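A single chain, nothing else alongside it, follows as structure tokens in the form predicted alone.
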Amino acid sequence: MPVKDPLSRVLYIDLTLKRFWVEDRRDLFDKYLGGTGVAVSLLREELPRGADPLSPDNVVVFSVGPFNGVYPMASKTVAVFKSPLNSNLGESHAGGRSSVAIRLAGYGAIVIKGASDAPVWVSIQDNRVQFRDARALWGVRSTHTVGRVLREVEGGHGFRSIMRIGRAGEKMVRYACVVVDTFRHFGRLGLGAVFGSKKLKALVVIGKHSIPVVDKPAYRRVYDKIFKSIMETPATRKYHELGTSENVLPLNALGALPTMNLKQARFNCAEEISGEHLAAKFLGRRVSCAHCPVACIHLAALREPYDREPYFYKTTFVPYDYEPIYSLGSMLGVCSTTGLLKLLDKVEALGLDAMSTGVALAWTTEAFERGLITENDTMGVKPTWGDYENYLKIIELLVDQPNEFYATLARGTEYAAKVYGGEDFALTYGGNEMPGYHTGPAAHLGFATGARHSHLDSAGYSYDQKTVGKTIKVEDMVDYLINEERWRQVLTSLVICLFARGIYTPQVVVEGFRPLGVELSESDLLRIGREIHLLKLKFKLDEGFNFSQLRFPKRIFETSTPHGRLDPSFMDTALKLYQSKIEEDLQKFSSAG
């Protein structure tokens, strides 16, 4: 790392004592680049082993990397924490302005410790940190309103990032998210609940510094090469034109679109919730994260008439992507496009993770069908496939938690199934609700074994789609998942949006470092990716994670995939092989110090 680059500066914030300080952690940034690698290292340093995720002992680390603010599509911030959803590693990534704001404020990471005795928001601008009274914002139901107030109070328009929680975070719903700027999120694994436990309503970062470049002519050449690749690549054109919602129809045609709690893998209303239909009938605008030319964020214009006011309409911009469409659309049997958009807007306003919410509602619906829960539990609301009006009511109730059932559901699908039954059709992996891919064995093995139990850990769904009609060898599949997850540790330490993974190849990353004054080889990058992956797994094991306790939901074996029905013995063999390879590698890693 160049001497003048402020990336190695880490800002520490103690909410209990209302104090802050800065340390230079060049040791970590030189070793692990930034982003995921540095964040996990700092979490391991600061978090007491076995800490309660909702106690003041939990720690939140935000980190950016050397490519943020330097190259296009290096637009993400990594957040790590102990997850209140699964009591283990929580990791979530968000775009918006967050990464550029943190980088230009002069920091590579922010560590938040302790808990405030009263609601606060924290404002960071250059070398100044202010703890501001948020009592007037606590209890405001909509994240839209909170964002609007903070935009009026805070300066730095065009340079700032506003991260805030909604009512779900305040009520510590275990899958509450943090809304970033407008329409982006730290979604998975409950960062919003951790904010709520710390009485931290919002974090505002304003950055106006510049980033040093050692070789400016070389930097311009590399930048132009990357920019040209982004603009001329068909893959990124897809993200601009329809976004990830383009996945709905192809996955449905494959028989890989989870529908009605994965009772089936094709949805007869797929057309109504497809990216093509949304673009043709509802698309209002496209927007980009900072320093990204793609504009993959698609906003639907939802027009709703005012009561007793004919010809007067309220227009709301609602962000949509494939995962929220799957979870609140096909998983719930919702055919109405307007109904889907209302559900998306509801989780956005309350600050809930859309994927976890949809899977929790799908489990609730099937549990209700089977008589495991009753109208007495649901307070008179009948969850029924496709009935979005009742799902809207249930979402409000699970946030408010007026009775034991909703308080239980707010702790996650896996926990609710242990209390009420229905574990066979509770679609969770490592405590995290299932992503929207029923493509075959690699996807489900990846959900189970990935460090954050996400489809983005190792892209098993991609492997499945490439191997349809072929015989899959267990060892090849396991090696693919391990190697892919390790390379993604490099990308998420730089920090690159994973939509650009086909552009930022090892060779391009090496070229990108040179104008910044850093010489790394491709083998150096692969070694760093392996070390970060093993660091994450070591953290998980230290916090009680156990490969032998992983389970595949029985439902995935009942519904056919593009590869046919999954074989439980094949999946068990694959899981054991993955475990043995990782344990052997961890032993070597520990021996090497």
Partner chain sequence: MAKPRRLSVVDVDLCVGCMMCVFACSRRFGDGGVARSAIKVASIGGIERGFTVIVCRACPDPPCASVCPTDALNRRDGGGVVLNHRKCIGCGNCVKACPYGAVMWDEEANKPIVCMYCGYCAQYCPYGVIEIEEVKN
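Since this is a predicted model, take the numbers as computed values, not measurements. Positions refer to the first chain, counted from 1.
From this point on, the text means the form predicted together with the partner chain, which you will not see here.
Shown without its partner, this chain lists 130, 210, 521, 384 as candidates; in the predicted bound form, only 210 has a non-hydrogen atom within 4.5 angstroms of the partner chain. For the options 529, 53, 69, 34, the residue carrying a heavy atom within 4.5 angstroms of the partner chain in the predicted bound form is 69.
Residue heavy atoms within 4.5 Å of the partner chain in the predicted bound form occur in exactly one stretch of 416-424, 473-481, 456-464, 175-183, and that stretch is 175-183. For the candidate spot formed by 250, 321 and 361, no residue has a non-hydrogen atom within 4.5 angstroms of the partner chain in the predicted bound form. The partner chain is not drawn, but in the predicted bound form it has no heavy atom within 4.5 Å of residue 282. The partner chain in the predicted bound form comes within 4.5 Å of no heavy atom belonging to residue 263. Under a 4.5 angstroms non-hydrogen atom cutoff, the partner chain in the predicted bound form has residue 317 among its neighbouring residues.
Although the partner is absent from this view, residue 135 stays clear of the partner chain in the predicted bound form, with no non-hydrogen atom inside 4.5 angstroms. Contacts between stretch 286-310 and the partner chain, counted in the predicted bound form as any heavy atom lying within 4.5 Å, involve 286, 287, 288, 289, 290, 291, 292, 293, 294, 295, 299, listed in sequence order.
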